[in-house]
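Only one chain is given next, in structure tokens, and it is the form predicted on its own.
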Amino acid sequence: MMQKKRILIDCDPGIDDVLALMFALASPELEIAGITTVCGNVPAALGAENALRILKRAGRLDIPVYVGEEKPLRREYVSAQDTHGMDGLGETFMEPVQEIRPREGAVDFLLETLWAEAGQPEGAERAPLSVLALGPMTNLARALEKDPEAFAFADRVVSMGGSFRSHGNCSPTAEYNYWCDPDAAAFCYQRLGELGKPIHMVGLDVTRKIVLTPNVLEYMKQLDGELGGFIQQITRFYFDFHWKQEGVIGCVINDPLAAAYLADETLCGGFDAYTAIETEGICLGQSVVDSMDFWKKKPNSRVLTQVDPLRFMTMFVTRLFPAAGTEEQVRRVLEQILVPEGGRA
């Protein structure tokens, strides 16, 4: 029997966060220990409401949701509601969940969950706990400030954020999560590196290759009209933004790739390096990756640069749409409708 990987998801839902939550909930490799929300795409309290909406759809309201930091460490908070809609779900304005409410104290919950790993008896057959950060790293920074020793019990810290060679998505050089709270990102990279817990950086170099296109969306609707229709409903706003902003027909779904990487780390490739985050000036939020080892510093990150988009989308469709059949069957369909990088021969 497969031993599931236990994860604590820190997020800012957010359209692509929601898709990542749906993927994680449907993945046999993953077990969600809890969800914390942070100000990012939307305010933390609104993100928690959105997380509950997705948990209710999945019949998993047993998973606790905690509200975290409502402002960055130092800079003024700037949401991404222009990208995700005022409700964070493409302005679909779904009914709120009434049965259960989000809890306060995300930072304390994060630390308590990590410390609970220390209490496991020696030789206990329990999968180690990883932290999946899908938004700005403000909650993680506050937790590291308060009790850095707790992170000794984290197996992995995976961050959807940053960029190595790809351009930014909210400035010429910066990815949004790190731009939103650059001080938190800078502190987490430095402190976790010192603790021997390098951050796995799932940045724009790989996430930009994960595009939900209209033909893939139509395939999903054919498989399951209700679920496919829901995904279409929440991504319509996202589609429009990507076309106006980047000339992309479809939408880049960053966060699900980070969840998929935790489920199967062979999905992406990269290299180890020291990474610093710029906290001032016109390059605010830029992830500066010392790929040539100029600084001669111990690596504090695993920087992902390669991904197989067809393999990812096969995983995504197979898990969310069981009626699609086996991975081999799904792959054959996707090979017909996904355009390879650079176009067809």
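So that there is no doubt, residue numbering starts at 1 and follows the sequence shown. The model shown is predicted, which means the values in this text are computed figures rather than measured ones.
A second form of this protein, the form predicted together with a small molecule, is not displayed here; the remarks below concern that form.
**Student:** Classify N177 as contacting or not contacting the small molecule in the predicted complex by the rule of any non-hydrogen atom within 4.5 angstroms, answering yes or no.
**Tutor:** Within the cut-off, so yes.
**Student:** Would N254 count as touching the small molecule in the predicted complex under a 4.5 Å heavy atom rule?
**Tutor:** Residue-level check for N254: yes, a contact with the small molecule.
**Student:** Examine A260 and determine whether its closest non-hydrogen atom to the small molecule in the predicted complex is within 4.5 angstroms.
**Tutor:** No, no contact at 4.5 Å.
**Student:** Flag N169 as yes or no: does it have a non-hydrogen atom within 4.5 angstroms of any non-hydrogen atom of the small molecule in the predicted complex?
**Tutor:** Looking in the predicted complex, residue contacts with the small molecule include N169, since a heavy atom lies within 4.5 Å.
**Student:** Here the chain is shown alone; which of T36, N50, N41, S287 has a heavy atom within 4.5 Å of the small molecule in the predicted complex?
**Tutor:** By the 4.5 Å criterion, the partner-contacting residue is N41.
**Student:** Quick check on this chain: which one of L89, L134, M201, L140 has a heavy atom within 4.5 Å of the small molecule in the predicted complex?
**Tutor:** When the small molecule is considered in the predicted complex, the option within 4.5 Å is L134.
**Student:** Just one stretch in 217-225, 192-200, 144-152, 169-177 has heavy atoms within 4.5 Å of the small molecule in the predicted complex, so which one is it?
**Tutor:** After filtering at 4.5 Å, what remains is 169-177.
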